[in-house]
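Taking the form predicted alone, here's one chain by itself in structure tokens.
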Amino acid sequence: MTRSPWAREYARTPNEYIWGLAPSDFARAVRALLSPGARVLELGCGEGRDSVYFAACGCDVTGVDVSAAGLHKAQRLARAHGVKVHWVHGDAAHDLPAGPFDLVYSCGAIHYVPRRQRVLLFPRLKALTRRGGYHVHVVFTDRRVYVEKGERIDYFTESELRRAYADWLVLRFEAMLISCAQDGIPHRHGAGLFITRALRPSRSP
């Protein structure tokens, strides 16, 4: 069973944004794919920095997270930026809002979805995506494993991602090492950045 430590960390730090206020580099890179008014779904939005960034760029954004404490901080950040985001308190593996979306995005989140559930999740996400829409995922992989704050993860493999999107156009797959020190010890996580595009409508699972 997978386990994420971040809901606990968000609750422990109500007045602190542990990931910072600026959007991630990945969100900035994805911005070039989106037109004003694009519908964006972020899975595992946490404290909201990337969802708020997409909204500030003129997108219609929905952010989903299992942590009420994280979403409370996300709401506060959205108010500070004067933007509106549709926040959904729920499990990204099950509590998906109605589409269609132009972008489905996750940054360091869906590796906490157990592998057996991911097999079902990807078809559901595809069915929520418009033709020509994009999926962008940054996930932890088994290239380098560092266990942080007692987390339990079903680490992705490159072959798992490629199988999941065999019927889509893969625009970019990049294996990388992400530097981190959230537990006070500098370390790196094996990760993969995956950008794909739907070239034809997906069928509902």
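So that there is no doubt, residue numbering starts at 1 and follows the sequence shown. These numbers were taken from a predicted model, which means no experiment stands behind them.
Although not depicted, the form predicted together with a small molecule is the subject of the following passage.
Listed stretches are 171 to 179, 158 to 166, 53 to 61, 37 to 45; the contact stretch with the small molecule in the model of the complex is 37 to 45, by a heavy atom cutoff of 4.5 Å. Exactly one listed residue, out of Val113, Val85, Leu125, Ala74, brings a non-hydrogen atom to within 4.5 Å of the small molecule in the model of the complex: Val113. Contact check for Pro100: every heavy atom lies farther than 4.5 Å from the small molecule in the model of the complex.
Not displayed here, the small molecule is kept clear of Gly132 by more than 4.5 Å at the level of heavy atoms in the model of the complex.
Among heavy atoms of Arg143, none comes within 4.5 Å of the small molecule in the model of the complex.
Proximity of Ala92 to the small molecule in the model of the complex: non-hydrogen atoms within 4.5 Å are present.
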